[in-house]
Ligand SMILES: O=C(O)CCC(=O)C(=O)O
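Given next, in structure tokens, is a single chain: the form predicted alone.
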């Protein structure tokens, strides 16, 4: 693993709930991905498969664009999601023998600088706890498609919040009132509130734990902030009994939809 060694990555992930690595995806693939993100957003589905769209206010050009499992609609986006260096990075941090994709989100945060571009503070497991057993090793790889600077509404982590337990009713991805969420989290009294912006060059990535609180403010730059959130699991994960037919996890046996991106 270049740039940062495995011990450093694992230590930060365990302590802080997240870690990062630069230069994982090459520039030529990022350029192609950018064009294909625009195509899928415009409704051009190369494979003929329609992804799940989610925009709270479709007429609001300043709100974040979120398209679920866009990689099933486009070969280039699947190439990104399956890129070997991403799987190797995740496997290194998690010390895993297997890493599998189980859900993907295409994310574009447009410029504009309004609160509708906020992503509320949340723990990913708030949306996953009905699918996965509590100790399952499920986590998120966040890939920067363009440079992410401080004025672009970067994703921010609360350092150490992975150790504060699961609080399914505190925080909400879809609620733009980020200050309200932060006050609720502060009220837990679980630890100091240390917000860490994830600033990355294009092709870099971050990895965060299922219980790490994260969110983001508006993009006040002149450029869109493009990224992919790739939800992953290792061999140390198990679907809850009775949830096998739930969305996303029901396709784990279909390796064309849920590719294994690392295998020892």
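Positions refer to the first chain, counted from 1. Predicted model only: the values in this text are computed from it and were never measured.
Missing here is the form predicted together with this ligand; even so, the following discussion is about that form.
Asker: Hey, in the predicted complex, is residue 155 touching this ligand, heavy atoms inside 4.5 Å?
Answerer: Heavy-atom contact with this ligand at 4.5 Å: present for residue 155.
Asker: Do residue 173 and this ligand come within 4.5 Å of each other in the predicted complex, heavy atoms counted?
Answerer: Close contact exists here: in the predicted complex, residue 173 approaches this ligand to within 4.5 Å, heavy atoms only.
Asker: Taking 4.5 angstroms as the cut-off for heavy atoms, does residue 83 touch this ligand in the predicted complex?
Answerer: Answer no; every heavy atom of residue 83 is more than 4.5 Å from this ligand in the predicted complex.
Asker: With a 4.5 Å heavy atom cut-off, would you call residue 132 a contact of this ligand in the predicted complex?
Answerer: The answer is no: residue 132 has no heavy atom within 4.5 Å of this ligand.
Asker: Name the residue from 91, 72, 145, 119 that puts a heavy atom within 4.5 Å of this ligand in the predicted complex.
Answerer: For this set of options, the contacting one is 119.
Asker: State the residue from 178, 107, 104, 185 whose non-hydrogen atoms include one within 4.5 Å of this ligand in the predicted complex.
Answerer: Filtering the options by heavy-atom distance leaves 107.
Asker: Picking from 195-203, 44-52, 224-232, 27-35, which part of the chain touches this ligand in the predicted complex when contact means heavy atoms within 4.5 Å?
Answerer: Among the listed stretches, the partner-contacting one is 224-232.
Asker: Can you tell me which bits of 188-214 touch this ligand in the predicted complex, meaning any heavy atom within 4.5 Å?
Answerer: Those in contact are 208, 214.
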